[in-house]
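Shown next as structure tokens: one chain only, the form predicted on its own.
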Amino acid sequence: MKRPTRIDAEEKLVLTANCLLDGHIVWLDQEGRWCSSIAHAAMFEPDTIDAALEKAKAHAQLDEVVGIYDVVVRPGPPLRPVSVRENIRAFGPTVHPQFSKEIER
């Protein structure tokens, strides 16, 4: 059962997962491919996210991803997840810039 997602009017949703083989965090892009940067993630409206999520889960085995779920983001370069947990997943630890991922624009 999908948990309810709180979303404000200016916020959107993106899909994320982990690569089955290496565990890396990936984001679903506009072309339906999984990419390593949230900068390329496709944004969905709340009324379309369920269909996108079901489609992604149906193709998960072929795409070699696991743990697909939606994440609330604030649009704009770069996309910024609303939660601290998802910010860390997207950009790396918050303790030191040396350990963070570079933001692709």
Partner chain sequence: MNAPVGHYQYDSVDRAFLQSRIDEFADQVARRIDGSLTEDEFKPLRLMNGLYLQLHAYMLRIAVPYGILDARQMRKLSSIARRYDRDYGHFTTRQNLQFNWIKLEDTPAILRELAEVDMHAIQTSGNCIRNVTSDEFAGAAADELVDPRVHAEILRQWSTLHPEFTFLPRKFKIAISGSPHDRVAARFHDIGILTRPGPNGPLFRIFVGGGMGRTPLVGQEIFDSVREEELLATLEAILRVYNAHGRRDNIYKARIKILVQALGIDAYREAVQAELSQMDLARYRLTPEIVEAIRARFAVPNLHAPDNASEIFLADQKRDRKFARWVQSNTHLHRAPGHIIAVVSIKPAGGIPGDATSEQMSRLADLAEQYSFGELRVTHLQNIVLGHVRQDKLYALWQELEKIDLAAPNHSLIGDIIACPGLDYCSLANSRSIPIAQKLSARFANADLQSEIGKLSINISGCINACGHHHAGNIGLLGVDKRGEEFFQITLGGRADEKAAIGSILGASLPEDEMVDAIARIVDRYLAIRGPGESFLDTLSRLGDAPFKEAAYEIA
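Numbering follows the first chain given and starts at 1. Since the model is a prediction, treat every value here as computed from it, not as a measurement.
As for the form predicted together with its partner chain, it is not shown, yet the points below apply to it.
With respect to its partner chain in the predicted bound form, the three residues 52, 57 and 76 uniformly fall beyond 4.5 angstroms at the level of their nearest heavy atom. Although the partner is absent here, residue 89 is a contact residue: one of its heavy atoms lies within 4.5 angstroms of its partner chain in the predicted bound form. For residue 10, no non-hydrogen atom is located within 4.5 Å of its partner chain in the predicted bound form, even though that partner is not displayed.
Taking the partner from elsewhere, residue 39 is found to have every heavy atom lying beyond 4.5 Å of its partner chain in the predicted bound form. Not displayed here, its partner chain is approached by residue 66 to within 4.5 Å at the level of heavy atoms in the predicted bound form. Annotation for 8 to 38: interface residues with its partner chain in the predicted bound form are 8, 11, 18, 19, 20, 21, 22, 23, 24, 25 [heavy atom within 4.5 Å].
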